[in-house]
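The chain below stands alone and is given as structure tokens, in the form predicted on its own.
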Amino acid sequence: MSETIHVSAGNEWWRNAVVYQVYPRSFADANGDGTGDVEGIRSRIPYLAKLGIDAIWMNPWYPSPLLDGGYDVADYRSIAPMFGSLDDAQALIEDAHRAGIKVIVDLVPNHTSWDHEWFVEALAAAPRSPARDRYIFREGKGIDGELPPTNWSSVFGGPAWSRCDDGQWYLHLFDISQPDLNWHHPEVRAEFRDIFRFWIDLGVDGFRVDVAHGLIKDLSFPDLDLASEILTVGHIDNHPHWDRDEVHDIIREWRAVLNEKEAEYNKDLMMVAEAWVKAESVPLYLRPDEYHQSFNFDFVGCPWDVDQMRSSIARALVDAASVNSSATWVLSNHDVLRHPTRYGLPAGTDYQEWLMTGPTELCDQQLGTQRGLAVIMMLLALPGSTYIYQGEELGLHEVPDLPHDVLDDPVWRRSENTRKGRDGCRVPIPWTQTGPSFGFGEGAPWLPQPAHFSDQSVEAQDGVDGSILELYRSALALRSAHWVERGDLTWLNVDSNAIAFERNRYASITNFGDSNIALPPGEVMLTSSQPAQQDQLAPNTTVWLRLT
């Protein structure tokens, strides 16, 4: 294979950025209440700058009852008191900018919290009143309307409809506390255009848009043949609530706002879509008047398999270039099992079943860590931007054995305690080797940390040759110096068990096989683990070469 894949031109910062995802509850706790906060994040800006990232993405920090980790927003123009204030947020943005770091905020447009003033007003209003038109209220089926309007399922389990005391039903594709907005309503559309303006005026540089493939529903409300499982989309034509054509009209309205503000502030702004859609649908979200980027969830779903990963990479690069966008690479986030754990479990493992029943020893942590480092180095060498989830630079695995009484994810509740959900990837990260929360804060954290976090803390790894943290720092520094401006990608024929490519005489080679493979002549710049020999690449390892 010697095919060359062309990379879109453009010097906007987001095209090749390394973005660090911050889950505010679990990053750093400045006031000692067990929950992370804005001041805690501000205190760690020097750490993030030393890591070498270009931007931070803040998970929702808005006022919320926290029935879905902050994705149930009660007020889109404020900061939750548990996290701080708007003044704190503005100070964080300014601190980040002084450190050369952009700030991306999470926007949740598909639904609000049931504590949002609009929904409080809707529940207090009579059925079929204008106040209810901002959401999706409907009469039920059956003799007395006792059955839900459709058979649609909530992403978190159970029906997607809940009944009010007056007999009407409201739609919530996620938790019962997250009523879906009616995006056919002009007031809803105007409100979110203004929310974009509000945060841009406060200084942010971009937006990660939650459930970007949602928003529009088929108002004829047909029943479905397929259930809506978490983070998947029913691959059927004309789905009644995922990936409908009309959603693109809304995206164009938002892009127009960003274009307007770019001219006003003379800076590049961006939107990245969380769109769990079929791979062939992703380019539709990346047209020049829509999103700038969309997460490559196709790659997140790839097992440790050379052919699947190579195909996913090629498809993402070609699709992004076809609409003058850039690919996005991500391995872990707040919604999925941490990738070293995925790579350490036997192929075909049902992750949620494993979280419920174990055994924890089923995961080969050393193998998973080795594979995770190999893949992140491979991704950092590719054209496009890479998203890093907090703690992955420390080598953190999923925490699979959280006690049932601390579980916070609505997946646990909605599944009637049959699925643990996502709390295991949201455990507060360790900063020091000792202390009640390993430096996260002065008191016990909101989710318990395992004892081995001591050895994986920042303090335990900082400045230690061969540590995972130092490998990330080295990789990001070399990426900035040698990979970002390298342009087009050409596949290299090295071995059938390798993903190997060259970009302007710099090569990245990853060995997915079980035995060493021979390397082409070149100067070794970095390896994800120690090579067996100078001209050989060990299994589960990536090497960066300057070709000779």
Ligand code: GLC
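All residue numbers are counted from 1 along the displayed sequence. Note that the structure is a prediction, hence the values are computed from the model and not measured.
One more form of this protein, predicted in complex with this ligand, exists but is not displayed; see below.
- Although the partner is absent from the chain shown here, Y71, H111 and H334 each have a heavy atom within 4.5 Å of this ligand in the predicted bound form.
- You can rule out all but one of 164 to 172, 187 to 195, 321 to 329, 209 to 217: in the predicted bound form, only 209 to 217 has residues with a heavy atom within 4.5 Å of this ligand.
- Of the candidates R422, R132, R419, H339, R422 is the one whose heavy atoms come within 4.5 Å of this ligand in the predicted bound form; the others do not.
- Of the residues F119, F137, F156, Y76, just one reaches this ligand in the predicted bound form with a heavy atom at 4.5 Å or closer; this is F156.
- Contact annotation: E274 falls within 4.5 Å of this ligand in the predicted bound form, judged by heavy atom distances.
- Using a 4.5 angstroms limit between non-hydrogen atoms, R426 touches this ligand in the predicted bound form.
- A residue is said to contact a partner when one of its heavy atoms sits within 4.5 Å of a partner heavy atom; Q178 meets this definition for this ligand in the predicted bound form.
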